[in-house]
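One chain comes next, on its own, written out as structure tokens in the form predicted alone.
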């Protein structure tokens, strides 16, 4: 399968921007390497979750469990076993994230729909409770990755200064993300990906044509968990201190799910873009106002209404956004009709809300 020239050019532009982030961060004080790096890592976890969401139509509320497993694996090995190699820590984080996904997937995939989602949420919260209640994991304070003076993992035995370390780990992340996207693209366009699509459309029909549904969905769940483990391991190396709230709490699972939807869950790179955008908005919001959650929510609502297929999905050819943009170019006067339509929708919604409020208060319309 070959990429169209335009899509390949956009992909190359995105790659160049990703590579240039450390240099751009030096030029612009508003762009921080740490924020983009964090967004890329959570976006990578969202790419893994998207395999379930896009192909099997399963919604997991517990993918922070695999992200946190990867992060805590790196922290535990570095703190308690004095493992110093960056690559060994990353490999171990991937392995334990995979094992955790296998266990949770095996126990959760006996159900579908709402019960599957609740089971993944329950297992994620169970893991969070175990970590926060055990001193071995540092309880709510978390664990440092290589505590003490030597506060950084080593790459091929080489120790870097703090600024060089952050750039080296960032480019290692870019390499991991590129390989992960390539693997996901191959999976999505393989017979296995086609089988997952068939399962997502109709499980009974897929079973009748000979697809081992449960085994395939479990495999997809484990693959999605691998992405969470890798991203979590890299997160531990970047932050150098792992705490339960940012990695294992159930709201983090919601963030990962929202990143996939925000970027466009029907696309390959959409969840990655969604991760960067959401983390960036949250960081900017904290600098602007104490009500940053509300500000982020307002911006996200505007994005969802403006880009109903996600940011990347809405920019694809044939999307409603592209059709409206073409209409606007052909006849700019349609903008007035759109504004009037939007205003009428707001007035109608306010009228319905008032009517419902009168019924709630007075019991009659």
Partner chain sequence: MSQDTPTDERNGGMNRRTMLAAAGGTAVATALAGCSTLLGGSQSDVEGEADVPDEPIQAGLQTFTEGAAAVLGLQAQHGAELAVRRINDAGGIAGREMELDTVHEADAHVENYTQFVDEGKDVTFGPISSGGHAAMAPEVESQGVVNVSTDGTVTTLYEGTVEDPTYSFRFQNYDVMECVTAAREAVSRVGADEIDTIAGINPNYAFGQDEWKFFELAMNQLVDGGVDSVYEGFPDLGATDMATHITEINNVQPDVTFSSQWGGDVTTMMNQASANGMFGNTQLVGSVLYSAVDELERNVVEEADAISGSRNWYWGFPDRSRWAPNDDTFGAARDEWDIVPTAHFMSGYGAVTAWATAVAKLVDVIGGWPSQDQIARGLEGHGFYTPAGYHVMSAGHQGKSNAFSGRMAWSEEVGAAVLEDVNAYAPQEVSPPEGTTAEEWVNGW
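Not measured: the values here are computed from a predicted model. Residue numbers count along the first chain shown, from 1.
Unshown form predicted together with the partner chain; subsequent notes refer to it.
For residue 53, no non-hydrogen atom is located within 4.5 Å of the partner chain in the predicted bound form, even though that partner is not displayed. A residue is said to contact a partner when one of its heavy atoms sits within 4.5 Å of a partner heavy atom; residue 84 fails this definition for the partner chain in the predicted bound form, lying far away. By the criterion of a heavy atom within 4.5 Å, residue 34 is counted among the residues contacting the partner chain in the predicted bound form. For the chain shown alone, residue 286 is a contact residue for the partner chain in the predicted bound form, at least one non-hydrogen atom being within 4.5 angstroms. Between 26-34, 57-65, 305-313, 332-340, the stretch whose residues reach within 4.5 angstroms of the partner chain in the predicted bound form through a non-hydrogen atom is 26-34. Taken together, 98, 189 and 194 are entirely out of contact with the partner chain in the predicted bound form: none brings a heavy atom within 4.5 Å. Distance criterion of 4.5 Å from any heavy atom to the partner chain in the predicted bound form singles out 292 from the list 292, 185, 115, 136. The listed set 207, 214, 241, 111 contains one residue whose heavy atoms approach the partner chain in the predicted bound form to within 4.5 Å, identified as 241. Contact annotation for 106-122: no residue has a non-hydrogen atom within 4.5 angstroms of the partner chain in the predicted bound form.
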